[in-house]
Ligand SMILES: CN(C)C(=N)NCCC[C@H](N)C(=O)O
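Just the one chain here, the form predicted alone, laid out as structure tokens.
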């Protein structure tokens, strides 16, 4: 089984984490130049790709924190109210709670998703990644491969996502001398506490909702990306870097439109038993949420999800396509 797709996903995540840890101050001053260069000239250096990709992840996390709080808490009147209250009570650091695990896990998640997707296409079509521009797979095959990648990714992602959501929902300001400590002191303490208090199954709370969210959604995600690339690329040619950026961004938005209702259920089930009632299952969570807050509750966070999805997914596809193209 070819491993290039797994390695490409791994590198496009692992190098983001390395550069973020060692050169955080460099990205802000370089973002405009790097993004503009990628748009005009195409992917020409790994340095360019990992920098824009890491910055996309970092810039996207504050949006994700606001989204999670809107979905799981009833104390905010909207996006702006949530942002203002978070900043006043917790400073800018409040927007970055729970970010360490997504950064650390992005290599594994990307590797599983893109590796399984591409190798499933190989099984279905008997064509490698390099041959697919000349012999494009059907959209049915693309959808099935995307669903397969989404299904397997969900189980790798579930514990990391649970810990992220729990940390994002801690609204206490930074600990001051004499003030009570937050429930979780960090991601490792959060994981250990959940394991001790809720058992191993506690780390997979909300995993079924996550699986149902990601399985069809990622099929739509890859099918949308392929369709947009083919509309803007002559037959047999590789899409330009601008096409990849735009197609990846709109694929991200399209997928989140379909994913948001189950994303709300997933987040609420992950927080169940802490700041809100314990649900008996997904159906109970859906019925209870709709009865108490109306059907609009299932679309909380859609606007901010869409705003976050474009840059994050644009650079994800750009890095992935570049790495596979450079390896021939």
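Numbering follows the first chain given and starts at 1. Keep in mind that what you see is a predicted model, and the values were worked out from it rather than measured.
Just so it is clear, the following notes concern the form predicted together with the ligand, a form of the same protein that is not shown.
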Legend entry - Single option in 255, 111, 168, 72 placed near the ligand in the predicted bound form, where near means a heavy atom within 4.5 Å: 255
Inset, instruction - Work out which of 120, 217, 233, 127 lies within 4.5 Å of the ligand in the predicted bound form, going by heavy atoms. - result: 217
Legend entry - Partner contact for residue 265 in the predicted bound form: the ligand, 4.5 angstroms, heavy atom: no
Legend entry - 4.5 Å heavy atom contact, residue 205 and the ligand in the predicted bound form: no
Inset, instruction - Spell out, yes or no, whether the shortest heavy atom distance between residue 164 and the ligand in the predicted bound form is within 4.5 Å. - result: no
Inset, instruction - Check whether residue 304 has any heavy atom within 4.5 Å of a heavy atom of the ligand in the predicted bound form, and answer yes or no. - result: no
Inset, instruction - Go through 96 to 104, 207 to 215, 192 to 200, 224 to 232 and give me the stretch that gets within 4.5 Å of the ligand in the predicted bound form, heavy atoms only. - result: 207 to 215
Inset, instruction - Assess the spot marked by 259, 308 and 312: is the ligand within 4.5 Å of a heavy atom from every one of these residues in the predicted bound form? - result: yes
Legend entry - Contacts with the ligand in the predicted bound form - residues in 65 to 102 whose heavy atoms fall within 4.5 Å: none
